[in-house]
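A single chain, nothing else alongside it, follows as structure tokens in the form predicted alone.
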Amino acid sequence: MEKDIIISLNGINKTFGNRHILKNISLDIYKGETFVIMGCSGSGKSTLLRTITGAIKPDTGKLHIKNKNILELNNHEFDKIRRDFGMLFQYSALLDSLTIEENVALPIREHTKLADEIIKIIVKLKLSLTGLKNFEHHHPSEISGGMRKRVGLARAIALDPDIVFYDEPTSGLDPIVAAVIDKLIKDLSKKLLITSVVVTHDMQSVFKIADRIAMIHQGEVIAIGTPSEIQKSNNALVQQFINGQVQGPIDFFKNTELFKI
């Protein structure tokens, strides 16, 4: 059965100065899947994520989301598309001056005119889904890093998005808490019928959550496939990365570009 494509990139290029960061990126992401973009630090994966979400405009190429070329939309038209996005930032991006409830309510208040009583009900539901029932009145400084990630996730799904983007969701977390976040990503994707796009270099997370994986190296997609296909890849770059080998075609000591993006 043919799968529905929800995000499609065709020939995406992006340069900063004389540095070619994204090189002719073409890939499709299917509705309802968890699609992981992995690669070394400086590979271009975060730039790719920012391009897909509209934060960065590519120099050339086409980018369709939900069958619309977002590069041709004006700001008002793109805001309507962005209403269907959720975003979990690497460091959660919570406002310390606000309570957990107020943080999760931010996108609801920004994009809707719902009454306060309805907003409170929605916030409670999203916090319950992420295992944070009864934490509404705490502040971010009063909870752990893993809990802050879950608050960020509750905020990301506050508006019932079709697509949620995750930027290094397990960064800085211990293995057990990271496993909790991984499980939440998978569970919420299935329960809420969300398409998840995850940028990470955490290999344990990659193979736990991914339906398909794309590896980016020096701005190019060098492999796309299921976890099994990636693990069996005969590409030496892929094997070095997923196995964490110092020796190989990726020279971490000579390739200073890895530390610039």
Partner chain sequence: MVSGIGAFTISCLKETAQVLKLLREILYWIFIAPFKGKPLKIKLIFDQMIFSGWHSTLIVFFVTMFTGIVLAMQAAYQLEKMGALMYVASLVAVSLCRELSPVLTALVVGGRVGSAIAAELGTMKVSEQIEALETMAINPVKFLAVPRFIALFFMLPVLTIFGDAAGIFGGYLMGVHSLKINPALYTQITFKFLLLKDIYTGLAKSFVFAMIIALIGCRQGLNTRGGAEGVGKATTNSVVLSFIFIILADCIITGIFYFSNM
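If you're wondering where the values come from, they're calculated on a predicted model, not measured in any experiment. Numbering follows the first chain given and starts at 1.
The following text describes the form predicted together with the partner chain, which does not appear among the structures shown.
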query: is_contact(residue 171, the partner chain) in the predicted bound form, heavy atom dist at most 4.5 Å; finding: no
query: 4.5 Å heavy atom contact, residue 148 and the partner chain in the predicted bound form; finding: no
query: Interface membership of residue 50, the partner chain in the predicted bound form, 4.5 Å heavy atom rule; finding: yes
query: Residue 87: touches the partner chain in the predicted bound form, heavy atom cutoff 4.5 angstroms; finding: yes
query: Contact residue in the predicted bound form, from 142, 187, 79, 72 (heavy atom within 4.5 Å of the partner chain); finding: 79
query: The partner chain: the contacting residue among 123, 181, 157, 94 in the predicted bound form [heavy atom, 4.5 Å]; finding: 94
query: Option from 187-195, 125-133, 103-111, 171-179 whose residues, in the predicted bound form, bring a heavy atom within 4.5 Å of the partner chain; finding: 103-111
query: Within 119-137, the residues that have a heavy atom no more than 4.5 Å from the partner chain in the predicted bound form; finding: none
